[in-house]
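Presented as structure tokens, the chain that follows is alone, the form predicted on its own.
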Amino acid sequence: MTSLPLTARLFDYWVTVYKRTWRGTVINSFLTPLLYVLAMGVLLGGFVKADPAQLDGAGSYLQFVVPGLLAGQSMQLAFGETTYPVMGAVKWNKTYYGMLATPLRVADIALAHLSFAVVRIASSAAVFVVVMAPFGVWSSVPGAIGVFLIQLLVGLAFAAPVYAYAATLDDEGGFTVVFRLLLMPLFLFSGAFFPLGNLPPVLEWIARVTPLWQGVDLTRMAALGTWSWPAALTHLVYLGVCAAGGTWLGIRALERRLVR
């Protein structure tokens, strides 16, 4: 059970904290992704000449790689907002215990934190979409808006399961495993930088069932104007299940951690 007014008030707490710390996030949240685009899409992409049919319908490598980088950025921000901050609130600062001593319930605490993570992802995605607009990577204004909205779902699809995982850990050592064995392989081999058809058949099949590829393909369809409802619905359902299931698991994990 949760109370929306209480969740909203607690969400305001995270916003207040961020107002005091936002300067430390500017480089990772906004500058680094744009440098990736400049290096990979504009500079390196200038040397890549390929048939649009081999680039999932993109007219240039820049148009191909930008949607992948944006989805990858949403994933990385989700990891960043739901790993160490959760560990800090549970173990180091014990902020969650202080919240639980008020009328707030565990579900309020988890939903407020996840909502703030989605807002952080949204703010970064909005900047990304606006800055990339002059490069002609978005097929239309509705497509650009769709790209932005998709990032909210992509972000929550990662933030919620990672939140559930973080709530179960006793120390931060588990984050190293997740960052090295999950985040980086997903970022590199989920179709963000090259078409999955370039992978061996077994690896291609594995890559296609990863949540990041679902987000990359969905973002790319909206960006390029190659929207296909059957494929889009599959991606939306997949990511929606990750988000809803992860949220449920996150609340249960936090209950076991705080109320025991």
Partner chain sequence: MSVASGALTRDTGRQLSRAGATGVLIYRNYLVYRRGWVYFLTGFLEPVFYLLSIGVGVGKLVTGFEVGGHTVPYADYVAPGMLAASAMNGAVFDTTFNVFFRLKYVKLYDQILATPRTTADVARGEISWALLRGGIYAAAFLLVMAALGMVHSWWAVLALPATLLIGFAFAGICMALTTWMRSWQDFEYITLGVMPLFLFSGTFFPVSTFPDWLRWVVECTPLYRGVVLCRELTTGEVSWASAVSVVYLVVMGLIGTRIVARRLDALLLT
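Positions refer to the first chain, counted from 1. These numbers come from a predicted model, not from an experiment.
The same protein has a further form, the form predicted together with the partner chain, not shown here; the description that follows concerns it.
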{"query": "W213, heavy atom within 4.5 angstroms of the partner chain in the model of the complex", "finding": "no"}
{"query": "Heavy atom of P195 within 4.5 Å of the partner chain in the model of the complex", "finding": "yes"}
{"query": "Proximity of G173 to the partner chain in the model of the complex, heavy atoms at 4.5 Å", "finding": "yes"}
{"query": "Proximity of G88 to the partner chain in the model of the complex, heavy atoms at 4.5 Å", "finding": "no"}
{"query": "Heavy atom contact within 4.5 Å of the partner chain in the model of the complex, the stretch among 176 to 184, 141 to 149, 89 to 97, 105 to 113", "finding": "176 to 184"}
{"query": "Contact residue in the model of the complex, chosen from A231, V209, A53, L31 - any heavy atom within 4.5 Å of the partner chain", "finding": "L31"}
{"query": "Residues of 30 to 49 having any heavy atom within 4.5 Å of the partner chain in the model of the complex, listed in sequence order", "finding": "L31, T32, L35, Y36, L38, A39, M40, L43, L44, F47, V48, K49"}
